[in-house]
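Given as structure tokens, the chain that follows is alone and in the form predicted alone.
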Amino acid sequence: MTSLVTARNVSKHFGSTRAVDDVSFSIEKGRILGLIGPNGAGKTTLLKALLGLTDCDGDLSVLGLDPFKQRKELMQNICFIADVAVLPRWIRVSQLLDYVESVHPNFSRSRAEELLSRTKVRHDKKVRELSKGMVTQLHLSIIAAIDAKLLVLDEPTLGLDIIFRKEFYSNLLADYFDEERTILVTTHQVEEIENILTDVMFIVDGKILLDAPMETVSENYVELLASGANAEKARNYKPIHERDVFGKKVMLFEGTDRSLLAELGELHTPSIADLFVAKVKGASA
């Protein structure tokens, strides 16, 4: 596989605060990576470094370029969606399409028009006259019409209702993603993107706790639902996290042979949210 992003010992300090602390990772072409972390974990700082909005220590390459020194060239092949409020509220939809067509060489006006024709977004409307869901549809239609290699999504569905959130990710897969493109997405609504991710990365206090393909996660981690004496026996295999559910114990194990646990209770693959909580609490302990 070909790495679109390569980070080696990347750090960013603000005074005594280490927002990003000596991280190393790579993001391959044709992957969908979920960057998961609590508020203040370093996600935004890391995204800013990838987008060339801030410098950093260490070696960082995005599409073979230094994002801070070669940002103009880099942005020809990157698209970015944060909160939809970044679109000017005074501009009309038709004017917005005119503007993007005039400034971005890789934008296809016809493609954007085709995608918008599937929505209720009217060309004569101003952004401020659209619902938040419509603004998201407009934003995604523009992004999907740009021939870019990397799409960065930072809480793209924040504030949207569940129907629009589902439609957003469905349209993203249908209209944008392919094996030549890569998507990096951050969100606190982990359960909504879990089924589309190919890779996951946990970041806490500027450090990476987990960086793995989803298939590896399902192979290396398992949850056991047990009670009584079986729960006591299971503790001998050193779970990394334990919680109570309706009087039973749910224990999460890393790298433990499933055959050793199978006779002690029910086995399940942990959700990304549960795995994240376990890794964070384990790191704190």
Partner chain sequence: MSNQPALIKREIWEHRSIYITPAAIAIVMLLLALTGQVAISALGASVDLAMMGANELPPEAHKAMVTGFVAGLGSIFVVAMWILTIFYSLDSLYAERKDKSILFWRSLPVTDAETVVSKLLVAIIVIPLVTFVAIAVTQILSLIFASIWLNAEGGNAGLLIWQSLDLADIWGGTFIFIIALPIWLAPFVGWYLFVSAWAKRMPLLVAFLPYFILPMIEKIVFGTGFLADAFFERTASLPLFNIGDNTFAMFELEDMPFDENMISLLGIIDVGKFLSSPSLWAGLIVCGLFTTAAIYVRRYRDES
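Numbering follows the first chain given and starts at 1. This one's a predicted model, so the numbers in the text were calculated from it and none came from an experiment.
Omitted here: the form predicted in complex with its partner chain. The next part is about that form.
- In summary, the region of this chain contacting its partner chain in the model of the complex, judged by heavy atoms within 4.5 Å and restricted to 214-222, 244-252, 45-53, 227-235, corresponds to 45-53.
- Its partner chain is not shown here, and in the model of the complex it never comes within 4.5 Å of any heavy atom of R118.
- Interface residue remark: I208 is not counted as part of the site for its partner chain in the model of the complex, having no heavy atom within 4.5 Å.
- Proximity of R111 to its partner chain in the model of the complex: non-hydrogen atoms within 4.5 Å are absent; the residue sits far from the partner.
- Within 4.5 Å of some heavy atom of its partner chain in the model of the complex lies at least one heavy atom of H104.
- Here is the short version: of R71, H123, K166, H188, the single residue with a heavy atom within 4.5 Å of its partner chain in the model of the complex is R71.
- Of the candidates L96, V204, I196, L150, L96 is the one whose heavy atoms come within 4.5 Å of its partner chain in the model of the complex; the others do not.
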